[in-house]
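Single chain ahead, by itself, as structure tokens, in the form predicted on its own.
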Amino acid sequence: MSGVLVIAEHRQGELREATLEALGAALELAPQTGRQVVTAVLADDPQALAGPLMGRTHGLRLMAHPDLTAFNPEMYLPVLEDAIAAAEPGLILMPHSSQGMDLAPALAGRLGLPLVTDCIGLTYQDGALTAQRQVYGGKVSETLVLKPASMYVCTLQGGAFEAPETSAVDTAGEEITLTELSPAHARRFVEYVAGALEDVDIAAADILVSVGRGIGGPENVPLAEELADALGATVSCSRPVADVGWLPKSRQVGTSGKTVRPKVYLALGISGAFQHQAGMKNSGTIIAVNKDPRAPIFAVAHYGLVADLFEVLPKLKDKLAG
């Protein structure tokens, strides 16, 4: 086994948080691989993206070329093949994003490497990689033991790993200016088209006040919003609330919504089906309020209160006001 190579992901000149999460996974695995973590940054100006990576990776391989401004696998693949040949990693990691789902299979196919996608856990056992994944919409967790190989390619589920501290390791950088790329030119980047602007990004919130069907109806959602305002929090919800339109889809937590990892997750009237748990179970502190003592949410909550949320909310607001 050798080290870990993380392929950084960026969009419109900004490094994506999923890259830092991949570094968290890589640093956990580094002692098992016997070598260090190297991060490859392909961009027109990779140095501008290096800041958040300092102290989170042992090595930086910054590869610069104007044609690397935006992701295009036709450009990335030949560059990465050279980087992999130079680093000789035992493991290649990248986020399970649209970019990762495009790049990882192509890279594994070109190099003849084993591939496992959407991982929530990785470890080595007797020299072979073991991966944990969620299947059937998060209803089942599976553990895969891969055949021994000199190198593996993996994509990582967003929110499954924690970004390391900025002082985790000492970082040494190497910048390479590429003079010539040799893609097949079967694909080319035209423009970046942004999706509809969401009212708020719940994945970026430190505190979430999340409501489920127990909130009763849209007329009661302002109660949760008032509590969120008092806490400096953001309101989110479970799928049934988004499905009936009490809150927009952008506020939904779960496998068909967003994966979140706030410092505090307050679940109000949420039963906590496995689909919802998959999107929030890695939160720092989970507090659940539900009148059903058998609600599945209590299985992942750090603190639970079996009570009517309409009795709890006024008392919480009074306590915060006082």
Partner chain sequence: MDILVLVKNVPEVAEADLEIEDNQIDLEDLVMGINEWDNYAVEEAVRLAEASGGGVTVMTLGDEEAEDVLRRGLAMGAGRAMHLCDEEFEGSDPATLARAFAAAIGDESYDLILCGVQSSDLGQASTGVLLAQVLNLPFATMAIGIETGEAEITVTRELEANTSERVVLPLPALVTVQSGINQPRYVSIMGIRKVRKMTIGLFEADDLGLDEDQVGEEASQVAGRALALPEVGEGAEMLNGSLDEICGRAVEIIREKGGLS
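The term rigid core refers to the most C-alpha atoms you can superpose between the two forms while keeping them within 1.5 Å. Positions refer to the first chain, counted from 1. What you are looking at is a predicted structure, and each value in this text was computed from that prediction instead of being measured.
Although it is not shown, the form predicted together with its partner chain is what the next lines describe.
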item	value
Its partner chain in the predicted bound form: contacted by all of 109, 115 and 239, heavy atom 4.5 Å	yes
Listed residue that, although its partner chain is not shown, lies within 4.5 Å of it in the predicted bound form (heavy atoms), from 190, 204, 85, 172	190
Listed residue that, although its partner chain is not shown, lies within 4.5 Å of it in the predicted bound form (heavy atoms), from 69, 32, 47, 285	285
Contact flag, residue 36 vs its partner chain in the predicted bound form, heavy atom cut 4.5 Å	no
Heavy atom of residue 248 within 4.5 Å of its partner chain in the predicted bound form	no
Contact test in the predicted bound form: residue 74 vs its partner chain, heavy atoms, 4.5 Å	yes
In the predicted bound form, residue 257 touching its partner chain (heavy atom, 4.5 Å)	yes
In the predicted bound form, segment of 86-94, 144-152, 164-172, 217-225 with a heavy atom within 4.5 Å of its partner chain	144-152
Contacts with its partner chain in the predicted bound form, stretch 292-317 (heavy atom within 4.5 Å)	292, 293, 294, 298, 299, 301, 302, 303, 304, 305, 306, 307, 311, 312, 315, 316
Core-aligned C-alpha movement of residue 14 between the shown form and the other one reaching 2 Å	no
Large Cα move at residue 250 between the shown form and the other one, threshold 2 Å, rigid core	yes
Residue shift check between the shown form and the other one, rigid core fit, residue 284 Cα at least 2 Å	yes
Closer or farther in the predicted bound form, the Cα atoms of residue 20 and residue 264, when the shift from this form is 3 Å or more	farther
Comparison of CA distance in the predicted bound form with shown form for residue 159, residue 299, at least 3 Å	closer
